[in-house]
Structure formats: C-alpha cells, structure tokens
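Just one chain follows, in the form predicted on its own, and it is written as structure tokens.
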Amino acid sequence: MTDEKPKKAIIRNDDEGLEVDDPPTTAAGIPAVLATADHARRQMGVFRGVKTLLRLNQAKGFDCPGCAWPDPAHRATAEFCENGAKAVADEATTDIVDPAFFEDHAISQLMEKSGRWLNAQGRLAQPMVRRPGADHYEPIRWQEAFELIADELNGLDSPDEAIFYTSGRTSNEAAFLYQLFVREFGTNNLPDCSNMCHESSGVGLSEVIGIGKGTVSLEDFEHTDAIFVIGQNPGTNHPRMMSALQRAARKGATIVSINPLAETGLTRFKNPQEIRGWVGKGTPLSDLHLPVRINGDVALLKGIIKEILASEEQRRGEVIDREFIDQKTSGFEEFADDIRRTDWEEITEASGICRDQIRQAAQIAMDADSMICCWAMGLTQHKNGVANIQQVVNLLLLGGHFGRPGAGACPVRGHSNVQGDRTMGIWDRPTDAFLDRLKSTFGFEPPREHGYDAVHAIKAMRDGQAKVFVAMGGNFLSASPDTNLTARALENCRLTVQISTKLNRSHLITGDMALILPCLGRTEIDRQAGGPQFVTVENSMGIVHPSRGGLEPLSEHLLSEPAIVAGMARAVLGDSSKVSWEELIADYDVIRELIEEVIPGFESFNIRVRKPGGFPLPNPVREGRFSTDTGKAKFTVHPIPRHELDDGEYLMMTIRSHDQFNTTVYTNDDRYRGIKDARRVVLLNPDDVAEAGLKQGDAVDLVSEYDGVERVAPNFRVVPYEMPRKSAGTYFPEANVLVPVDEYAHRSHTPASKSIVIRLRRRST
C-alpha cells in the first residue's frame, strides 16, 4: 500500500547541480566572515547591515533569533556568529511581499516555487486573506481579520476543536498572553516546536532530576575538566557555542564528540573575534571522536559506564562518587546490576564503537572532577529519546556531576525562546499549580484536561476533530513529520492562521480559509500607546534578558505579536474576558507584572530584567537539590535499542545543512560537509554505496514503510560520506515525508526523525 499522494507538490527544490568536495577541517575563520558579510550586504545593504549587526546580542540591542546560546558577561563588539547574522539579515531585508505581489502570484503558481524562493521574496507587509475556493490572497483590514477568527472560533462545537501552535521565536510577553487567551477561550491545545525537538529532554530530565531544563551556566564551561558533546553539531546549529568550547579547551578541558558524522564544527575552530582566528590552523576542539551508529547512544553510554563500574570494583571508593550516590540518589543497585549484566558484544555491535575507544572515553570521564554533557536532537528524536537523556544523566550521577562548578547537564536549544515559551505556560499538559495561579490572578476557571501536542494535533486535524489552526510563527507544515499527511490535515481545517514575518509553504497549503497576519520582527522598534516597548527571552541556561529592536518597521501595517494576540482575544472573548487587553498592550511592563504573579522565579521582574545581563531563574539542581517525588535524583535502567536491518535497508537520520536555519534555507550549499548546490542528497558510507552498486551522484528514491504504508521521497542523489555502515543522512524538511506521524518517542511524543528505516530505489536514467 502506498501513502495517498497529496493534491499538490509539498516540498520543491530549486534546480540543483551537485558538487562534492572534501569537508573543511576548520570551522569559522575567514570563510565565515565573508559569508556573513555577503549575506548581510545582499539582504540589508552595507549601512543598514552594519547598524543592525552591531546591536545584535548587545545589552541595549536585540536578541538573536538564531539560537538560544547565552551571552557572555563581557561581550565583543561583533557578538554574533555566521548563522545568527544570516537569520537577522533574512528578517531585516528591505524586500517586501505586499498585496501587489499576491495579485501577481496565484497560490497555485507559488506552489511551483521552492521554499528557498518563497523566503527570498521578502517580508510580509500587510494582512492577507484567502477566501474559500480562491487562488489568490487579497488584503484584509486587521479588525476584519480578527472578526473572521472570532466567527470561526466561536462557531466551534467545543474550544478543543481549535489548535494554537507556537514557534520558539515568540517572546515571553507574547507567549504569556497567547496561553492566557487560549485558556480563557477554553482549551489546552497548545502544541509547540519543543514537541518536535527537545520534548524528550524535558520529560527525561524532569523524571530523574526534577527539572526539565539544563543545569549548567555559561561560566561552568570555564571550570570544567571534560565536555561530552553528544548528538549535536555546534558548528552549524549553535556556532556561538564553539567559542565556549574553545575557551574550555585552552584551559585544559578534554572534549569528546559522539556523533555518527565527524562534524567540522567540533574538529578545529578559528575564532573570527581573534587575530589568530584569521591566520594559522585554529584551535583543536575534540580530543576524541566516537562515530556512533545512529541510535547507538544508549549502548555506547552503557559501555562507558560499564568500564567505570569495572574500575570502581578494582579501586573501591576512588572512581565513582559514593557519598553523592548514597546521599542524593536512588536506584543505584538496580542500575548497576543491569550494567553488569549487559554483554560487551551487544554494546560494541549496537554502538559500532570498539571497546578500546569506549575505554578511552570512560577514562576521560573518570579523570574529570567536573564534567558537562551537552546534547541536541541527535539524542531526542528517537523512539527511545527519553531513555537517551536519562542514560546521559546516569553517567553524570556516577561522578556526582550536579551542584558543583563546571558540571551538569546541558541540552542546547535551537529556537531563541523555546525554553521561555514553556516557562510562560505554552504546554499542552499544564500543571494544576500553574492553572491554579492563573485562576487566582485572572478570575476564570482554566481548562484542566490535557490538550494536543504536535503529533496529536496533526492527527486531530486529519480526523476532523480539530477545525481551526492558528500558528504563532514557524513553518508548521515543513517542520512536521509525515509531510503529505500534515498537508492533508491542514487542508481539512475550516480556517488556518499564520502569524509570520516571511512567506513559507504553510501559507500555501491551508484550510478552506486562510489568514496571513504579518508581525514585527525582533530587529524592529515596537511602538505602543505607552511608548517604545521591549520584550524578554530566556536562553538555554535559564537567563531572562531584554530584547529591543532598533530598525524602523518595514511596513506601517505590521503589528507586534502581543498586539496580534490581544486583537484576537478582544474579538473572540468580547466583554466576557477577565483581562484588560488594551492596558496590557499599551505597556508591556503590565504584562510582566502579571507574569510575576503567575510564574515563580519572576519576582521584581521589571526591575531585575533591566539590570545588565538580566537574571537567572531558580534552578535547584545547581544547588544540589532534586525536586523529584523522592527528593533524590534517580538512576534508571534502559535496554539497548535494536534495529534489525535487512539487506538493502539503512537507518536514516534527518540533519540540517550549514546554510539553513530550521526550515529556512538560504542556499543549497552545505559548506562544512563539502556539498554544493544540492539538498536532495543521501549521505551513505562509501562501502555501502559500493555494495549497493551505486556511485556518487546516482539518483535514487528513498522509501520507508510503516504499518503497511509506503512513503517515498523521490529523486535523491547519492553522496559517499564518512559515517557508520548501514546509516544514512538526509536534510530536513526534504526527508520529513518519510517520518510517520505515529513513529515518535515514548512519553515525550517527539517525532523519531533520527531513526527511520529506509530502502533505496534506483531511478531509471
């Protein structure tokens, strides 16, 4: 059985002319500077580009939307990375998409364009509506748009027939108002981008250490002895992290990279902020690289732990932190028994790493008085994503690496405020304590039944159980798994609403009616009745700080995200609302005062956030306290995942190219992997390529099968690449079509985009 074909082509790419070269051995340096300058010049012009970039990540400037890496206490003049600068230039472009554009371009014509082309047209400049059956968007006044939303939402049989999605670029103030509006409307259907990336981190950490966030600060990187970077590619996804790794390496920290690919960003780094970053060979980063098989991390971590426990047996009391384990943890004996029973053959086979290399990694961990483990989606996007995170915690607990300088867990977020959005209440499973505080502050009874997360929202729309979809930022269609099914789900809605800055594919595949509501960007001045406003964000390490745009808005028709939320709320809730929406929008300090009442840790919010560097949120684990049901951290037991691959089958992971931010593609190049002018590529071990009778550049279709349904991603080209046997790497969103909506992590429901079994089907020439 083949998956039903969509009515339209969902993912399109520009014409490609694949070129493959050896990957560079050093990240950043002069090539990064030149790429940054060229992109900024083309998008913003020289003067506007310089003015904008000099305000990026500065105390009185605006926060980079490109990632959530924290700002150092002492900031450089150019406190940004290549990809952050590209994200900002992309937003601050002077090109606009206005009503004339939509008059000239039918939706059916735009469907023939690539996502890269759509994004490159410029900033959305005016609210637009697609009427039922229309092939063009047309202008609509803001108030009419809000009234249209109100008519549809108030016409539902239940508030639970509406879904309200949130992207991680949304500020704390907008996110708080959004969840307030949605819950006063009557539903907890608040899926967000965290569902698709780091939900496994939040679930896994909460269960075993009592908090779903990281436990380290940026300063800890100055004091650590060892850093394990697992399932993460900082050079492309979090480039500012490399300067922290560089400082740690220069101070003597040992860095271990665990990843199926040997990524350039963890090999050697030339810091553009330094003179020696322009010449010479740069700073070596990874001391040991372990090319683990895809989803072989539990096996590898068990092997490292097994070596540590074996050394403890020989030198009792000298290897692991028994005092910490006895006083502050539970479950150690059951955990240790499981490790002892685990067979070495199973460990090496499942991980793809030989015992000598595992012993090297274990020795690094045993020699470290303080150790940090960092990770990203390489760990979270598997069916056993939660187990992956908890196995990392097991390793840290053995050495007592919590509550001391230079030690702890460090999930590295991608979106700039995805962590802050969750803190503000963007969650489909809110706690009773949070809902009780909402009730006490605002005087309404919030809904208690849990709502839809991202994958269940898709299924609800598909099945007709949800009929209105509102997205606060992002590109839900391209970011989601099972792309064709997601497209059909969106088309099954009565109304889809996209609050956006740039044109993307989610504006083209819509419900019967569709609205585009253009908002201010992070770079722009936000003027309200009470004067210019600023917003706040929370970085990966729990620091809350302000963000102030400095550019004049590109269009007079743009509204801020808080103002758009307030406009929807006024229209939908009318006089029944308990909230004075106009007062909140006039002065964002009033929003922050309400956040202070509802969310612990935000005491004196308006005072503390105005201090240089902002302020940290409470994190009891940093003080050695674990807010679990037992008051102790928990060792956990997890089996090694097994993937029985038949001949001709590979385990596929989706990855991001270097010239890409989330689903936004700037060019078809991937400089750090030596790939030029192509995105529909599949990376395979050279021996696998030869065994399949293929060669570089051969065209193949990628095929996955789940529950009897065959999914096909057509016309990919083969690229031999240094990686484990039987593994495959492909870019998202192009390969998301292969990820079944029902293939997701246990308990966190994060799509298993990093472990999909595929076959290759040769295309006829």
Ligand SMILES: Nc1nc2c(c(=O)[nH]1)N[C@H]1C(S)=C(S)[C@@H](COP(=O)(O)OP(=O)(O)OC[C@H]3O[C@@H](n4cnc5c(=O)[nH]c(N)nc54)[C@H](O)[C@@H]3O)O[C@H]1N2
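Keep in mind that what you see is a predicted model, and the values were worked out from it rather than measured. Residues carry their position along the shown sequence, with the first being 1.
What comes next is about the form predicted in complex with the named molecule, which is not displayed.
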item	value
The named molecule contact at residue 83 in the model of the complex, heavy atom, 4.5 Å	yes
Contact of residue 422 with the named molecule in the model of the complex (heavy atom, 4.5 Å)	no
Contact of residue 245 with the named molecule in the model of the complex (heavy atom, 4.5 Å)	no
Contact test in the model of the complex: residue 476 vs the named molecule, heavy atoms, 4.5 Å	yes
Selected contact from 504, 685, 636, 357, since only one has a non-hydrogen atom within 4.5 angstroms of the named molecule in the model of the complex	504
The unique member of 411, 406, 231, 549 whose heavy atoms fall within 4.5 Å of the named molecule in the model of the complex	231
Heavy atom of each of 263, 378 and 664 within 4.5 Å of the named molecule in the model of the complex	yes
Location of the named molecule contact in the model of the complex, chosen stretch of 196 to 204, 423 to 431, 143 to 151, 126 to 134 [non-hydrogen atom, 4.5 Å]	196 to 204
Sequence-ordered list of residues in 634 to 668 near the named molecule in the model of the complex, where near means a heavy atom within 4.5 Å	653, 654, 655, 656, 660, 661, 662, 663, 664
